[in-house]
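Just one chain is shown here, as structure tokens, and it is the form predicted alone.
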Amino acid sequence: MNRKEFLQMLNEKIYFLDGAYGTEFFKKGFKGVIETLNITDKEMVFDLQKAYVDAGVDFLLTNTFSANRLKLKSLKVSYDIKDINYNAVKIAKKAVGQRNVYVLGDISSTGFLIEPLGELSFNEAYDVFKEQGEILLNAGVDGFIIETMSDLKELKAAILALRDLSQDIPIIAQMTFEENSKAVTGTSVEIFASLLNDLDIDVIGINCTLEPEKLLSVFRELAQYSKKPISVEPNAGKPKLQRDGSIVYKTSPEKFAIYMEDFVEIGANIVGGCCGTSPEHIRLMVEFLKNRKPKKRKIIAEEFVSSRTKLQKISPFLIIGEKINAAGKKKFQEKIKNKDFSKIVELASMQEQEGAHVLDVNLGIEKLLDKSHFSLAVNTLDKIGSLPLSLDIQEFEFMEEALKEYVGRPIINSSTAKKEKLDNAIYLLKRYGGMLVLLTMKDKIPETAKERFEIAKEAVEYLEKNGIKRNRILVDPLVLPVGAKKDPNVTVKTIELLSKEGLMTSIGLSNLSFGMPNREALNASFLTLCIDKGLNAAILNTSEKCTMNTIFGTLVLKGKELAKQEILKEDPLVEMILKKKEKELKQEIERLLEEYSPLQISQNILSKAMEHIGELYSKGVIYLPHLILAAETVTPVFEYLNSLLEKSDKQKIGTIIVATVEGDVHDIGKKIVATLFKSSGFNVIDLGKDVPASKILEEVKKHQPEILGLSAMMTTTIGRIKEVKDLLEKEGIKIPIIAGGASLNKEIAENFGVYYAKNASEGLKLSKKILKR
């Protein structure tokens, strides 16, 4: 099956994926790492896969969800990665037999966060995915499915790695989302879809985390934004604890099949099941939905750019802030050269407040820089949750480095119309996604509007012929300084010609008034003329109020209106922490020290600010990057205040030990808890992930914390929470235990005799309440 055949198949009928593996193996009493069964008990894997084949699936997944090098190491698996993955394909093919069923190599997260959220580099993640993918491909898989990803950057690394292995193998790429349609890292379904529409994959999908009824609204958004076929694999409801200690999922096979019809009605091309689904769930689903044809979807036609957490429509007008530009600014250039990006952060925040939709980033003289300057600048802006970026970079290798690190759909600024430059742009657009600013020139700037138009038209046709649609292109008609006796009407006329051709346009506005007095008046007046002729975007000075007002006024007169920007307005102290305004925060702390003691500031002011930030996170107002940044900003301040305390006052709010239980290597949630507690004044002892009960007991005895926090992500490991609780009780240790994790709920926690916290913020509030008793 090649990609063309795969996509043709999806036009004909609904196709079916299999169901869960882990929960099915655990039903049979297995409690280890399920991928090791590919070595130790092949029959168990075969039996389950044969049951899925008998249930009527079209695509059978290999038992390799966690079989990448980093995950296997975290799980302390000593078997060879090649044997695990190779055997998985062999077993799956045996289960398929002579049936018309395709085997998909199953790939998921490394379990580590990629920079700037974690310490794993993009290149390391890429290598890990490529290694696993190569084994699966050589063993004979028919395609790949990447699933349960929560970080768009990690998903991009996996896609690039697998596509580099083969240009002609089908790839299904899926992420997992919360009920609010956002991933834990803050990426929305719309942002996910808008980037994956560009990337070289075949099907965009969603799986895990939610049961069918709660996943429907999330999937509906995907159906509106995805321009490619779509897939879905819901969980079979929420887990429920049985009297014998086992876990079952609540959605019956009959209900699951009925719910899956709703996904097909929305437009799903491929349906299957995730946690808690069984061969019976899949069998009934197939019987109920077989021979259905895919529904035609109404797809949103608008174009977007995005960062990790922010999505911006191009229409009716895109305001691109010009201030992050070190060209001709000696001090700014020196800071960038020394990898001091504080000025960039300051300018990013300022332009967002002034109404920019996108930030143009030009690091100045590129001869002074290397690749690391570009990756660090992009990661710094990612970490503060910046607006989408327009990457104004000249050198190809620097542009590629920036695009590799970028999370979202950027603007590539820019390419001339020369063939070799266009070929570079085509490569970058196809590999990394995004939109292109196309200059209406080759070696020199044409004098007339007709010449510029003809050059643009020819270049757009070349781009379209090579797979880049015209709606991904912003043509720059070129603005020249009026002070150099250049006629601005040539630009206006070029915009008019391009607009009539159905091409979008963008200008660098400030070039017009270079060297002239009263620049703002000139810029604003010229912009009015350009918008009237159909201009779609401009790189401009957002501090020019007249220019900004002109945009709003001209659009209203043309019957259009800019959507209001949602800018987070918070208490000044919270704002300083969230925006990493270290200098202002330090000044504020010094001012507070004139009125309050260090202890009062630490416990009554700073700690409460972090508690509020935790609430913003739990409500989905801010996301993981903001939380990590806030913790980094505030931790040195806590340490400073602590250094001012009298010896008797040098005490934390309390000590908490946190750990992910044995057999579970998911620690994003636990890390969030540790970050919030530490930055709220707690002494946090983080034991890491996959921690045995005996080790937790040992550390509790050693440190005597006031609270123990336990995390369990997987259904198969939540029983470890009770194991820890029972062991501590047996040793006569009474300590409040707060537990959380995707598979846990209040009912199960109460059954275990521990407190339940839905998220980090709830855990913090609960801990403070417990300590006051």
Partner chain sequence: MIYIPEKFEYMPKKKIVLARASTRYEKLDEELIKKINDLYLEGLFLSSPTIWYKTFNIEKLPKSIIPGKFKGVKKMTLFVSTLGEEIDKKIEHYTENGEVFSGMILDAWGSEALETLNDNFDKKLRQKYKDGTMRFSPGYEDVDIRENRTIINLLKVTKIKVLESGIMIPRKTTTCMIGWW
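Keep in mind that what you see is a predicted model, and the values were worked out from it rather than measured. Residue numbers count along the first chain shown, from 1.
Quick note: we don't show the form predicted together with its partner chain, though the next part is all about it.
- Looking at its partner chain in the predicted bound form, residues Lys581, Lys586 and Phe682 place no heavy atom within 4.5 Å of it.
- Interface residue among Tyr79, Tyr427, Phe288, Tyr596, judged by heavy atoms within 4.5 Å of its partner chain in the predicted bound form: Phe288.
- Contact with its partner chain in the predicted bound form, defined as a heavy atom within 4.5 Å, holds for exactly one of Ser217, Ser499, Thr635, Asn466, namely Ser217.
- Comment: 261 to 269 is the region of 699 to 707, 89 to 97, 443 to 451, 261 to 269 lying near its partner chain in the predicted bound form, near meaning a non-hydrogen atom within 4.5 Å.
- By the criterion of a heavy atom within 4.5 Å, Arg292 is counted among the residues contacting its partner chain in the predicted bound form.
- In the predicted bound form, its partner chain stays beyond 4.5 Å of every heavy atom belonging to Glu346.
- Contact between Glu611 and its partner chain in the predicted bound form is not found at the 4.5 Å heavy atom cutoff.
- Using a 4.5 angstroms threshold between heavy atoms, Glu131 stays clear of its partner chain in the predicted bound form.
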